[in-house]
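Shown here is one chain on its own, the form predicted alone, set out as structure tokens.
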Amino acid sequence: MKSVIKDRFIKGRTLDELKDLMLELGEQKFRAEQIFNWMYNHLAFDYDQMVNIPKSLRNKLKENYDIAALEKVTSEYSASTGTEKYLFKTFDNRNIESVVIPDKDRKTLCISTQVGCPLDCKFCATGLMGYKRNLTAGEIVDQYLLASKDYGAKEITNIVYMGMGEPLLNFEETIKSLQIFTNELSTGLSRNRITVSTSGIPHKIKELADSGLRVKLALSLHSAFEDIRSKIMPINEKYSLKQNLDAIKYYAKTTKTRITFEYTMLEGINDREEDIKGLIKICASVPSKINIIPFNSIKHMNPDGISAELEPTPFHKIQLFADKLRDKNITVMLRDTQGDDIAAACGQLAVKF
């Protein structure tokens, strides 16, 4: 499967890979920079748009490589929040979703890295749909390019790897997509406008730290205690919270960036006084901030077991929880629920394969 995708598509190749391709095709290496810029900066979805590329090379590329890695199927717009959810189809007829989230001074695209997700987090709809395969770098990047085609070049200002899937379980393709996004010939997005969110794969967190990319990192924390975290995030049984905290300390020190802890509040599970004390202890150990996320219903997935029992912490209790953390000089952000009316809010993305 992977070799078929790699051989068929040109999108998703880094600048170095495009240079190698040009040499294979008997072309000059500088053509790679032109093609790279056309695809990733000027949103070219047709080789004939690349007017400074010789027609002979354009024809050669047409004959051998598809330029679009994804097909936009449809989009759904939330009139109440301005959130827009995209449904994309891959070449092998898999479906994935992405979400554009507007804010006062930014538009953030939440992108996916896998078809489904293997981690089975109990509060996440994507985990309930299972897992089919990793996305290629081209399929990751094309979510941004296709959404930007609708919104206009440079209108999408931020990218968060928080859609379907675990980015660090698709490490190679995630890295390639980051190399494309951060290249000066590409989208123009700075590293501090790109966030990779992970449920916690400690050795890959360290590898990302050593990559030199220096993008922002968010850890899906959701509990300061091993037993509770294992209950709602089975991955914690394989990679413990302690291992992940060691890894993010390494990331923060190596990249000189501040870690974001994502914290979905679940009534009676992680919204207690002892949870506040646990978070205070963790935040004292690493430069960080906490992003508190209201639990969004996943009943559209007809969950069973613990997933069916989960309830959101009442908002007044969330505010009190946040205030107690702020009293200890911890930066806390309360994320507004956006797009829940179209099942596009955090934790709600799920489609039929």
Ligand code: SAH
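Numbering starts at 1 and runs along the sequence shown. Bear in mind that the values here come from a model prediction, so they are computed numbers and not experimental data.
Not on display, but discussed next: the form predicted together with this ligand.
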*asked:* Please identify, from 39-47, 56-64, 316-324, 288-296, the stretch that has a heavy atom within 4.5 Å of this ligand in the predicted bound form.
replied: 288-296
_If the cut-off is 4.5 angstroms on heavy atoms, which of these, 170, 187, 197, 83, is the one near this ligand in the predicted bound form?_
197
*Which of 220, 270, 134, 174 has a heavy atom within 4.5 Å of this ligand in the predicted bound form?*
220
*Taking the shortest heavy atom distance, is residue 162 within 4.5 Å of this ligand in the predicted bound form?*
yes
*Touches this ligand in the predicted bound form: residue 262 (any heavy atom, 4.5 Å)*: yes
*If you check in the predicted bound form, is residue 123 within 4.5 Å of this ligand, heavy atoms only?*
yes
*asked:* Against this ligand in the predicted bound form, would residue 166 count as a contact residue? Criterion: heavy atoms within 4.5 Å.
replied: yes
